[in-house]
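Presented as structure tokens, the chain that follows is alone, the form predicted on its own.
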């Protein structure tokens, strides 16, 4: 081995050793955000927990996720026991359970919901675990949270007594996890086209017991203990109004598998260590969650909105990890006699990943805090409108941003960036692709926003809430100028759209404004966060990051690449936590 080879490998070791050993304590902004957004007593209770889980996430969880995502360790379908009993089981590598113990026991990511409202606390933990990607469990965590919320909000007392203790325990071996099966082969985003049917079968557990018949096409966490699923209740109308919501246990009371069959597992691009499958329901026993006639509304309120928030926070965690990896690599890797960090083009890339990941973190956790306010009954109609629209737009835009951030991270590593065994970036990219299509594609979310604006005039409350947040960022009106201009352009576009009767055309017209509004929200959240910084040097650097985000994402005129621009990106890229 030559001296140059030794030096190059020493640089790579330096990069590896520079990576954080605690995803919480190494993140100054995260600590600042939670101190402001959490109630003081809740923050005091949570801080030690967040710190300990931050260390677990950066250590044992991260290492187990790498092992579990090796292609030879992926889940396998095992439908029968050794003596021929039907189990409809899935076999996991031991590293899958190592991840699960870290997330459910050290993270207590679901048990925190016992102290409601807990969205911000739960999402802060999920943000930390998302640094390692999906890890086989993060999608199930979001689904389990939806089961908890649906049962708590609409389930009978007997259903709650039966399953809530198992859902809320932090004992991994005893815990119940959840799934949500909505998609059918003919009805992805068009949920009203679903045909799986439910037939009443008496009363049990304080509600109607049903028998479920039909095929579900995309079933993530296919071996979940409790399945939340939609089915067309007998005698109901067409469309979404005829869909009920049912909880279907994996096992019947005698311990045998419920009446469903796992047809096959999906060979997915991303989230590969979490099993997704196709299932046939052959009279499976299920229980109505609330009135069957209100099933779709229950799904949207407790399940879809919860998952979309998880999706946004997950993308924020992915983008943060991608930036940290790229930043450390750029500082350690040398080319042409100096660290590649010193090249302005590299600093521009890092300024982009830094400012974007910071804005996503601020916006996603603010949404979680507002969701807590909603559950506590402290939001008026205008703020409720803001939360609904912001949740949908943030889900759409965060996926787009995190995709770009991970790609930039991969480019930073050069050829090494494409190597699965070199860093987690390829896996983060693949997981992000699934995030982009989970709980609504970009087009679906824009179309829903159009309907919300046209039918319910939710744009009024949303724009009022966004304007108020921008105006509250004292001293930061100059970098936020593109965000204020975004609101003006959107208001003008909405006037033009008022006479458009074709919803498809209206969605086409709204899309660029929807994306810009999401970015304005992220900018407003980041600005509010920066205002709390007490270190003047750091505050100045983060203000530059805010200005860079607004200019690159919302500015109508590209930034002039001059010495002032070069100084800005150098300042942003030089920020350390």
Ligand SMILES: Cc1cc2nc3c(=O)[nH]c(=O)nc-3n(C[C@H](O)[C@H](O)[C@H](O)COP(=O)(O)OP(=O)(O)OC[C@H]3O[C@@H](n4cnc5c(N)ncnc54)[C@H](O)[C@@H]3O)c2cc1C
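Remember, it's a predicted structure, so these values are computed and weren't measured experimentally. Positions refer to the first chain, counted from 1.
The next section is about a form of this same protein that is not shown, the form predicted together with this ligand.
For the three marked residues, 210, 282 and 293, no heavy atom of any sits within 4.5 Å of this ligand in the predicted complex. Of the residues given (462, 181, 329, 126), 181 alone sits with a heavy atom within 4.5 Å of this ligand in the predicted complex. Shown without its partner, this chain lists 101, 162, 250, 268 as candidates; in the predicted complex, only 268 has a non-hydrogen atom within 4.5 angstroms of this ligand. Picking from 77-85, 468-476, 430-438, 382-390 the stretch near this ligand in the predicted complex, with a 4.5 Å limit on heavy atoms, gives 430-438. Though the partner is left out of this view, residue 447 does reach within 4.5 Å of this ligand in the predicted complex, counting heavy atoms only. Interface residue remark: residue 73 is not counted as part of the site for this ligand in the predicted complex, having no heavy atom within 4.5 Å.
At least one heavy atom of residue 443 is located within 4.5 Å of this ligand in the predicted complex.
At the 4.5 Å threshold, heavy atoms of residue 189 reach this ligand in the predicted complex.
Shown without its partner, the chain has no residue in segment 224-239 with a non-hydrogen atom within 4.5 angstroms of this ligand in the predicted complex.
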